[in-house]
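Take a look at this one chain, the form predicted alone, written out in structure tokens.
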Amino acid sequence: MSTSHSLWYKDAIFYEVSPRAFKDANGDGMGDFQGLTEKLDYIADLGVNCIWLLPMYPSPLRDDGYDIADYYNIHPQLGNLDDFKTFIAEAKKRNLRVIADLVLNHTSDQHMWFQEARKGPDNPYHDYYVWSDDIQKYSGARIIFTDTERSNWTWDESAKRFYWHRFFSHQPDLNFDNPKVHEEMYKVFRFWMDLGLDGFRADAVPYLYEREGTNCENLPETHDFLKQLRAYMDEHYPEAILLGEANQWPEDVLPYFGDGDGDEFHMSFHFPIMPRLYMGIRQEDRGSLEWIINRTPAIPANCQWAIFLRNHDELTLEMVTEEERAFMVREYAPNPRMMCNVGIRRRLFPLVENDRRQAELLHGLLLSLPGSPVLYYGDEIGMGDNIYLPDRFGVRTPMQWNDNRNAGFSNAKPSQLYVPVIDDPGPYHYQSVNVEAAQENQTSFYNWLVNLIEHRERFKAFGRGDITFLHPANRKIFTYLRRYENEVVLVVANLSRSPQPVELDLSEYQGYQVMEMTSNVPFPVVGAASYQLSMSPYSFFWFYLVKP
């Protein structure tokens, strides 16, 4: 690992944004890089440190841009490379870093490489993809999109062979056994890093290689390639990061951080924490949260988890038991339209039935559990969703800026928008939920969150500290210490809809002054007896403990 790395990502808060959904500057109904650049002050004012961009490359958009048709350009609807360079320069002026989605595993079937590959085995690009005459090959691999795909092989009439795909049939998998594919990926990395990116969120990495007799996931060859890529990045772009997306149990993600010195991904998403946050507040019990965090292995010192409440996909229920899945569906997806694959396609505020206390509690936990938090655009103002839109577009609707037409997102005709803004009568209508209203209201959730983020920044323990659970008799209380160097932070959360008493064993800190972090109000000094608090419904405290 490069010793010059500042580990900036350990203290960072990430903001996930779709350029398509944020702000339309040219009036064509689609957000673009000019619009995103115009709104950089808004993102900086939130207090976040790094923007994560959803796919921005030329694409037929059959999978919202994850079907890349050209790795070296910007989708024309989003602007051009000059717009992108301006955006990066303006972000840097505001001390905002930028990482972008990159799909290593597959391309669109419209990509020039695949169009050439279809011409047959004599074409130099044919071997960029995985072909077979026998669809029984790699039969141990599961089908991921069970609701749309019947096989991982699809017949190509032009090549007269079957090609391999782990996702949609219009997304053929690249052949990582071909060294030329490696060279292409290095070139792609160089191209964007030289334009000023601070790293990549690598999509769908467990599937890069195929081997007979395996499930074709998490293979040793995949790790070998990622280690090479990381070494290349450390040498040429020592401040850049790789964030991995592997929706697996934490012990199965561990190898993606590499060996002892963390020589693969700098960061990986911790998927299984997320559904258990929602389970915790519905079950009013800390058990599943403590269980998953205790199950999480130690990771190399230079690595970090990324944690989130919601993102651009469905709320995935892959990493839960059958019983837990049934519970989550019953509690959070009463309408079958709310489901997608094995997940729930709803935004944060609709999930908690627009209950601000629950939303605050979830953020209080997100911002204080081990890892770097990832916020999803629009959640900071309490945006709703549209379950009647196809696929995952229900949680990818335009950002709501004000109460003007199209929520201030675009001056196109409403019918020209890539998807409609939320204008159903009800609590999420853009005329009541928008940035302007949120910023003007001193007591809004948005202003509350900006304030909380400000306080988080003061303590390195949140991003770098260890975690120790306290085990009060009241299981509705989820409480833990975060410690780093001389900082001691105490988090106490009430997962229940009713007020709760709690007695904590803080005997280790006898004599310490307990300070409430967001108001700087002193609470009683820790004595010999148990430390008693009363908690209002769905509430939390962040305390810091001051040595006498």
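Just count from 1 along the sequence shown to find any residue number. Quick caveat, the model's predicted, so the values are computed rather than measured.
There is another form of this protein, the form predicted together with a small molecule, and it is not shown here; the text below is about that form.
J.: Considering E245, D385, D198, D173, which brings a non-hydrogen atom within 4.5 Å of the small molecule in the predicted complex?
T.: Among E245, D385, D198, D173, a heavy atom within 4.5 Å of the small molecule in the predicted complex occurs only for E245.
J.: Select from the listed residues D313, D423, D403, E324 the one whose heavy atoms reach within 4.5 Å of the small molecule in the predicted complex.
T.: Selected residue: D313.
J.: At 4.5 Å between heavy atoms, only one of the stretches 200-208, 328-336, 466-474, 437-445 reaches the small molecule in the predicted complex; which one is it?
T.: Looking at the other structure, the answer is 200-208.
J.: So in the predicted complex, is the small molecule close enough to F167 to count as touching (4.5 Å, heavy atoms)?
T.: The answer is yes: F167 has a heavy atom within 4.5 Å of the small molecule.
J.: If you check in the predicted complex, is Y66 within 4.5 Å of the small molecule, heavy atoms only?
T.: Yes - in the predicted complex, heavy atoms of Y66 and the small molecule come within 4.5 Å of each other.
J.: Taking the small molecule as it sits in the predicted complex, is R392 in contact with it (heavy atom to heavy atom, 4.5 Å or less)?
T.: Although the small molecule is absent here, R392 would touch it in the predicted complex, with heavy atoms inside 4.5 Å.
J.: In the predicted complex, does H111 have a heavy atom within 4.5 Å of the small molecule?
T.: No, no contact at 4.5 Å.
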